[in-house]
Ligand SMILES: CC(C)(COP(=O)(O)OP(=O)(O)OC[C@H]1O[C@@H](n2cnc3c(N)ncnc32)[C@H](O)[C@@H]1OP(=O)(O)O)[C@@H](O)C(=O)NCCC(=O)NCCSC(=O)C[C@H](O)C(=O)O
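One chain is shown next in structure tokens, namely the form predicted alone.
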């Protein structure tokens, strides 16, 4: 199945060590969950966290939410044990942090043969190698790690994310070239709704599939920002109807709201309707 055929508007990080948070996530209106065994789990808690998470995933109860497990890197003492613990537990994807080379993906692929791979894009070398990483046959998604990337770049925070724009668009180009999912980075000020809205709008306008989130309070804004609006759905339907009518009349273009509509617009229109239908189906689960 094309990984981009399902919604990824909201992708919420949940600590793999927090039983209460894992339980609460079963009822949150998110499209996907990143169950985190890396940054969100203290060193002394990592063995217990992987056991708890494996048991939780095996128990199920997450409905149609896409379940991603972020393991520790294989250059740490915990990464391989993380993968071994979650293998067969029902994860939809395994997310590797700080991916820089296809060899890292090969290593992960060999350790867990039957689960799709995702990659955190959060280092300069990883960004520069984005095209090669996106082309890996097992890779199905990029997650932008903007906090780590900003640290590595030594850049200053700006509301417009100017310093990160080259990295964001470079990864997005690689993802689109190879048909994989691309999810924008987190917005740290979880109580700042206006700032989150602006960054979600920016990510959506760039072309990202959705946004990673650090708090349930951010979910509603992300879901709305990355979903087709009613006016977009209406326009898509009218474009398709007008173009089909033009084709029946032997013409190759139509006009809707004073604008030319060609076949390329119909492809986008059908994608809009398909995304709206997929969201409605997910929300009905």
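Residue numbers count along the first chain shown, from 1. All values derive from a computational prediction rather than experimental measurement.
Keep in mind that the form predicted in complex with the ligand is not shown, yet the notes after this line are about it.
- This chain lacks the partner; the member of 138, 215, 176, 170 within 4.5 angstroms of the ligand in the predicted bound form by a non-hydrogen atom is 215.
- This chain appears without its partner; in the predicted bound form, the one residue of 146, 104, 202, 129 with a heavy atom within 4.5 Å of the ligand is 146.
- Mapping the unseen interface onto this chain, residue 277 falls outside it, with no heavy atom inside 4.5 Å of the ligand in the predicted bound form.
- In the predicted bound form, the ligand sits within 4.5 Å of a heavy atom belonging to residue 40.
- None of the heavy atoms of residue 273 is located within 4.5 Å of the ligand in the predicted bound form.
- In the predicted bound form, the ligand sits within 4.5 Å of a heavy atom belonging to residue 14.
- Within 4.5 Å of the ligand in the predicted bound form, a heavy atom is found for none of 4, 62 and 211.
- Here the chain stands by itself, but in the predicted bound form one stretch of 182 to 190, 111 to 119, 84 to 92, 130 to 138, 182 to 190, has heavy atoms within 4.5 Å of the ligand.
- Of the residues in 65 to 87, only 70 comes within 4.5 Å of the ligand in the predicted bound form through at least one heavy atom.
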